[in-house]
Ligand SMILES: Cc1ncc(COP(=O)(O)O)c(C=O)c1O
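Take a look at this single chain in structure tokens; it is the form predicted on its own.
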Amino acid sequence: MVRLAAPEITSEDRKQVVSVLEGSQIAYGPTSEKFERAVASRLELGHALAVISGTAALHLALLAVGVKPGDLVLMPSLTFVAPAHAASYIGAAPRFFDSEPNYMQLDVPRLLAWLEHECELDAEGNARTAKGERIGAIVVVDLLGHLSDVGALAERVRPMGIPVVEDAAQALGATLRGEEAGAHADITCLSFNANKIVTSAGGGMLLSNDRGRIKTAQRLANQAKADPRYYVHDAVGFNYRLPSAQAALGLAQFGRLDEIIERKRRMACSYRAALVDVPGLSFTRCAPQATETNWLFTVHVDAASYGCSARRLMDLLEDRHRVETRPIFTPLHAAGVYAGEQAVECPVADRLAATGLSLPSSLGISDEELDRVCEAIRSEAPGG
């Protein structure tokens, strides 16, 4: 099977993990803090906190910016489920918005128009809907390694008292107007899951220039210990800290980030060159002012021109050719536990979900495997 996104663990990665395991501080400690400093320095953000998963990072980020039970958290519908789960953990409600068609990211102009039409500021300066629902935060997701225009959004909503959380889990190493992911959000969240650009075998991180918010997240991630000597806890906390052994793996991988991004770029160039003339296939575009990570190289399948839908092609590639692919995501408003939750109409998200197919994008994919994927896609096209 040609896998979708298998991790690549080097001998140096293993050496760094073993070095930590041979010491006495295998729980959260100096290695985790070194990992935090390295990522914060790269993203030019002042403070960071390493945690056990990207979802944990989102949960803590929403708490740190002040999201409360009953609040609305605005987010794209076309995303992995983690932002909606994080809101639900708090007792807040996700409100789903559409994607824009060119680059698949959150439709910022449409969200801003909704805010202007549907919300007013109350006496305390909170944005509320006509029903009285407070807008607790906006989560912007950098889908498939592309960056949303967080700066344009944050500039408009900060006067309304709405914090912006950037879910850059898929976009570590991407840039917008020369700045790395997270430059304009109140808090940025990363993931180091096994399939991400950099992995710590699970893990995540929050980053911000606001020291107070990161300190709040740090306290909550450590069981909300007000007095660690006598074990006094002043809030409901969580066990979200990233162990040192996992941090060592993440830190070793992070040191190769530029090399990883370049290898991903070459992979994407190879796919484009090999598939550019296949009828019914088109490629995800990158905004001209941005660079992407090519986390998962994604094509769009026009069923009428190609001869079958993206979902049918996914099945054929797996069953006939042992090639693992996957759809983008099922829009959260359309199915599953959040089906029926309130959403502003999302026709673009529905269309992108129906046509999008992510191809094998493992860092270690060989030229022979990439050729095999492309030949399989060609063979299933009309006349193939």
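Numbering starts at 1 and follows the sequence shown. Fair warning: this is a prediction, and the values are worked out from it, not measured in the lab.
Same protein, other form: the form predicted together with the named molecule, not shown, and the subject of what follows.
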Does the named molecule, in the predicted bound form, lie within 4.5 angstroms of each residue among 76, 97 and 148, using heavy atoms as the measure? no
If we test each of 244, 170, 208, 253 for a heavy atom within 4.5 Å of the named molecule in the predicted bound form, the one that passes is 170
Since exactly one of 154, 220, 214, 82 fits, which has a heavy atom within 4.5 Å of the named molecule in the predicted bound form? 82
Which single stretch, out of 62 to 70, 33 to 41, 347 to 355, 47 to 55, brings residue heavy atoms within 4.5 Å of the named molecule in the predicted bound form? 47 to 55
Would you check, heavy atoms only and a 4.5 Å threshold, whether residue 182 touches the named molecule in the predicted bound form? no
Does the named molecule come within 4.5 Å of any heavy atom of residue 298 in the predicted bound form? no
Using the partner position in the predicted bound form, report whether residue 193 sits within 4.5 Å of the named molecule, counting heavy atoms only. yes
Residue-level question: is residue 197 within 4.5 Å of the named molecule in the predicted bound form, judged on heavy atoms? no
In the predicted bound form, which residues of 121 to 141 put a heavy atom within 4.5 Å of the named molecule? 141
